Each structure stands twice: as C-alpha cells, then as structure tokens.
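As a starting point, one isolated chain is supplied in structure tokens, in the form predicted alone.
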C-alpha cells in the first residue's frame, strides 16, 4: 500500500517531521510518500494562510499520478481544501482534522482540541462542524505557540499539557492534537494527564489504510462529483 501525505505549508523541516510520524503509525508494508507544496505560506495560521495553503495543495495534487497511490492524507489541521481534493481524486482523501475527531468520538463522549494560536480556533471549529463532529467538542484551546515554534519539544510539551488540562477541566474525556507539527507528542501528554490523546497524522494514516484496504473510493455522485470541464488558470 502506498499513501501520499501532504504538508499544508512550505517548510521542509515540518514535512520531514510529519513523514516520520506517518511512518511510525503506518502498518508494516505501507509506504509513506511525503510531499511539500511548491508555493504557499511557510506556516498556516489564519484564514489567509489557510486559503493559500488549500490552493497550493490542490495544485500539488493535480500533478500526481493517482494510480501510483492508494490514498491521500492531508496533514493540515483545520485547513481548507479537503472537499476540493475529494472532487479532484477518486482515491480516498483523509484529512487529519476529521480523522482525529472521529477517532476521539469512539473513545469518549466529549473531546477537546489543543492547537497552536487562538486565532486558528474558529477555522478548526468550522472544519469540525462540516465533518459533523463539533457537537461532541468541548472547545478548542490554543497553546500560544506558533507553528514554527513547535520544534522546541520541552516547551511544546509543557504548553500542550497546560492547554489539555484546561480542556479536561471543561469535561473533555479525550484530547486531540490540533496541529500536524505536534505529531508524536500524544503518548507523553496522555501519560501526564491520564486521558486518551489522538494524534491527527497517525489517525489519518490508519484510516486511510482501512479505506484503501476495503477497496473503498470517494463517491462520484453528488457532493464530490468530478469537477465540471472548463478552463482553469492556475498560478503559473
């Protein structure tokens, strides 16, 4: 099985971190191919960045050989673009936001999301609403750290524990890591707080494997029908 994992920003260091997390979660025999958009923001932290990121990722995906992959994982938490990607491709497209929330709902009645900056909370809530899992969410709490600051593991872990504790106090029974740059921190936070913690990249990879293993493909009827034939001018 071969899964394409796309970073939502142009920072190669983060792509490598996401790739490592995806490979750690993947089943034996699953090949992970990580790609970085050729253009767009160096980190996605707001509506403008998110829309630019979505266009850049779609630009990347339109250039792949779909027959070379069994599924795609979009590694941008709360970012736009997943619906467009599902129109563009027939193979399963799994978004880490949606995947993590669905798994969280299987582990507890209420969950909460820890993310980077508070300014991204609205986008994440909208994404969860579209996925149909917002009613189970007690809230989205920022750590005060920007995406590019997550490389300091000790500082990140401390901020995540503080934010996750606030969510637990609100009634969250499960915590979701709300940024692909937080991948690999789940067990550390879970041990500290005594609650299940879901890593979005790991969740999405495993769900992608399941869909591909069951030979399930994106429906071509209705919402995700192929794009209408017309001239489309891309950035180049």
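Numbering follows the first chain given and starts at 1. Everything numeric here is computed off the predicted structure, so don't read it as measured data.
Only in words, not in the display: the form predicted in complex with another copy of the chain, which the text now covers.
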Q: Tell me, yes or no, whether residue 84 is in contact with another copy of the chain in the model of the complex, where a contact means a heavy atom of each within 4.5 Å.
A: yes
(Q) I'd like to know if residue 181 sits close to another copy of the chain in the model of the complex, meaning any non-hydrogen atom pair within 4.5 angstroms. (A) no
Q. Is there a non-hydrogen atom of residue 192 within 4.5 angstroms of a non-hydrogen atom of another copy of the chain in the model of the complex?
A. no
Q) Are any of the heavy atoms in residue 161 no more than 4.5 Å from a heavy atom of another copy of the chain in the model of the complex? A) no
Q) Among 211, 34, 64, 185, which has at least one heavy atom within 4.5 Å of another copy of the chain in the model of the complex? A) 211
**Q.** Partner contacts in the model of the complex for 160-179 (non-hydrogen atom within 4.5 angstroms of another copy of the chain)
**A.** 168, 172, 173, 174
